[in-house]
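Before any questions on binding or motion, here is one chain by itself as structure tokens, the form predicted on its own.
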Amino acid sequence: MSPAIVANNLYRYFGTLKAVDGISFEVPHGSVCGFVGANGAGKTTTMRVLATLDYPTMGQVEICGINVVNFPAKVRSLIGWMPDYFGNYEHMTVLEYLDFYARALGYAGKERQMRVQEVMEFADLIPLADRLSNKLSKGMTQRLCLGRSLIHDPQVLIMDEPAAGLDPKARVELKHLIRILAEEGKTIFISSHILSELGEMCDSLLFINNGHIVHHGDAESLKQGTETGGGYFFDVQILGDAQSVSNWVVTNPYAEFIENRKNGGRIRVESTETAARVLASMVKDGLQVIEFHKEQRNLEDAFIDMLDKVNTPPSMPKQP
């Protein structure tokens, strides 16, 4: 069986802008793949090509073995597309909205009613059936968009920033729905800026930068630093001025300051031996350290390191 998604030497240019510059990847059936990249990296362009909404300049893309350019109608029957923004219709309720799309997809009679009912139950939209579709909260709107994308029971779901703007409760609900879909055997290709949540629900992560794939693998290898150099992260808490931690690190070649914390800061060192040396030096230099503990490397760290690695010119290597 061919993979659910295949991109082979995919290019998409807009004039002189190389939005997607020769990327190749595969996503197996029944898996959840997180698509990560900074704004302008090429994520949405890639996803629009996968969803048959844009044409590649060069290269091939297949969904379940079907070429997206040669057989777009067949591909559309296999995919559910959940964009980062979608239009609503005034004076149309949630039930009418989903029924409209079910009709457009060819469902009729009892089959249409049954399909709409199943989708509304899954996305918890039944309590909203009589609400106007353009008067919903962000979380409700995203559930409606998910329901719309599932009307025809697609094999592959392509989701562009579905959690953007959601409150914590709505993000948890959306994550739960995605895991249920994955357990049912759906293939899910999802982009997000919330990397911690992607790490929890994705089988693999695909990083794109300036139109190039810079990583495709599991989250654990990134957290462990096996692909980006890694290092060890420590939370340092002190008595007194929290800014003292960053001021001290600036003058110390064995530590790198990462971010401010309420009572100190987060630092990175190359080894546990170096950490011991740094702690001893802090105490010797008068910092009243009350807490110094190792933290797990998170996906945000890995993503930033990955970008630093690929964006550093060979003639100007990063300083240790």
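Each residue number is its position in the shown sequence, starting from 1. From a predicted model like this one, the values you see are computed outputs, not experimental measurements.
The protein also exists as the form predicted in complex with adenosine-5'-triphosphate; that form is not presented, and the subsequent description refers to it.
- adenosine-5'-triphosphate is not shown here, and in the predicted complex it never comes within 4.5 Å of any heavy atom of residue 268.
- At the 4.5 Å threshold, heavy atoms of residue 161 reach adenosine-5'-triphosphate in the predicted complex.
- Among residues of the shown chain, residue 44 is one whose heavy atoms approach adenosine-5'-triphosphate to within 4.5 Å in the predicted complex.
- Using a 4.5 angstroms threshold between heavy atoms, residue 38 counts as touching adenosine-5'-triphosphate in the predicted complex.
- No residue of the trio 101, 176 and 181 has any heavy atom within 4.5 Å of adenosine-5'-triphosphate in the predicted complex.
- Shown without its partner, this chain lists 216, 193, 138, 74 as candidates; in the predicted complex, only 193 has a non-hydrogen atom within 4.5 angstroms of adenosine-5'-triphosphate.
- Contact residues in stretch 6-39 (any heavy atom within 4.5 Å of adenosine-5'-triphosphate, taken in the predicted complex) are 14, 17, 19, 38, 39.
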